[in-house]
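Here we start with a single chain on its own, the form predicted on its own, put down as structure tokens.
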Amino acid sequence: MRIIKAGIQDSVQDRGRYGYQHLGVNPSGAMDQYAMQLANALLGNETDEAVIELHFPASVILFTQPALIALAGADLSPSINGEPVPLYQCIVVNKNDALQFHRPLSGARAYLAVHGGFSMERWLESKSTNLKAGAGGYRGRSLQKGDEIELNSKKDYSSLLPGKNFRILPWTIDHAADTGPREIFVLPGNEWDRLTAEAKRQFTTTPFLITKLADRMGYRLGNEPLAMLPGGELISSAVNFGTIQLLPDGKLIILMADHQTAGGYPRVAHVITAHHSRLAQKRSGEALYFRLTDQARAEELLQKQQQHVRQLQHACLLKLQQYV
């Protein structure tokens, strides 16, 4: 496949690069791991296979060979050859079919997966693009016009395309793993109890607006300053995707996929893993509402989410046997 028009910052990502944080190498990986897993599950791939993470305005992609693809995550109004195509369904594309995205309807990031995955070398056991290090993914950078990405699968899909440029296969998936409240669930951080009683009340009862300073590294929030109790200085400590830090001006920042590996700001809370997907699909100008939870609930929600992915993967594999 070839990039014929570059997007704003589209890149190759997988589950991330873990085990190297002690060396200062941040994990990177897809911002919305759940959407990435669903796109791969639709195609019968391993759920951590690399995908292309797309932001709006997104890349225009020309397929130079037939392929089986799936889209998940944000609805950026995708079309192939000008005809609208759905999310969460398998699509057989032909040589010279063009995929493009017209306007953002919901969410912030879409994911493109291909059957068999992309053919590229791993860096430190991952295909994820580390933009800071300039390594991994496709030449260690965002995708640009003229880039050609080789696909692993060389299957002949011509029998699935009788007289058509592309074909949508006739099943979809239920991509909602939960139907609960739309707040972002968090666990108290190491410095939670250094917040004043009023600051704790603010944190759990007021909306927090995502500012324009929001990217793969972190979301800065526009909020009334939160106050802390007097205390000694903090030493730099480990941080992770979803860590919520309190800045010196009383504002909050949520660390995202390209976060640094350690930081010296107070860690007042941590977004639970099962809600990273909710967080990743928020855009600048949207409000977040936080709800405190406990470890048992956080584990229950993650297990439920992963069970949902596995069930969908098995069901899609059975469906695909009729076609590939």
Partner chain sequence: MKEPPLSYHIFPLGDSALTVDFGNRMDEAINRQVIARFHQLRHQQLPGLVEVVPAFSSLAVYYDPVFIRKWVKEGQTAFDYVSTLLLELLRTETGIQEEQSRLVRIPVCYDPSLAPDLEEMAQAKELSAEQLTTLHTGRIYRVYMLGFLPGFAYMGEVDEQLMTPRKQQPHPVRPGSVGIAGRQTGIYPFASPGGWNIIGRTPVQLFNRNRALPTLLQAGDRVQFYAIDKYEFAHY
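What you see is a predicted model, and the numbers here were worked out from it, not measured in a lab. Positions refer to the first chain, counted from 1.
One more form of this protein should be noted, the form predicted together with its partner chain, which is absent from this view; the next part is about it.
Contact annotation: of the candidates Ser236, Gln144, Asn81, Thr206, the single residue with a non-hydrogen atom within 4.5 angstroms of its partner chain in the predicted complex is Ser236. Proximity to its partner chain in the predicted complex, taken as a non-hydrogen atom within 4.5 angstroms, holds for one residue of His102, Lys154, Lys132, Arg182, which is Lys132. Of the stretches 23-31, 57-65, 284-292, 37-45, only 23-31 has residues with a heavy atom within 4.5 Å of its partner chain in the predicted complex. If you check its partner chain in the predicted complex, you find no heavy atom from any of Val12, Val114 and Ser159 within 4.5 Å. By the criterion of a heavy atom within 4.5 Å, Trp123 is counted among the residues contacting its partner chain in the predicted complex. Residue contact with its partner chain in the predicted complex: Gln313 places no heavy atom within 4.5 Å of it. Using a 4.5 angstroms threshold between heavy atoms, Val309 stays clear of its partner chain in the predicted complex. In the predicted complex, its partner chain sits within 4.5 Å of a heavy atom of Ile272. Contacts between 290-322 and its partner chain, taken as any heavy atom within 4.5 Å in the predicted complex, involve Gln295, Ala296, Ala298, Glu299, Glu300, Leu302, Gln303, Gln306.
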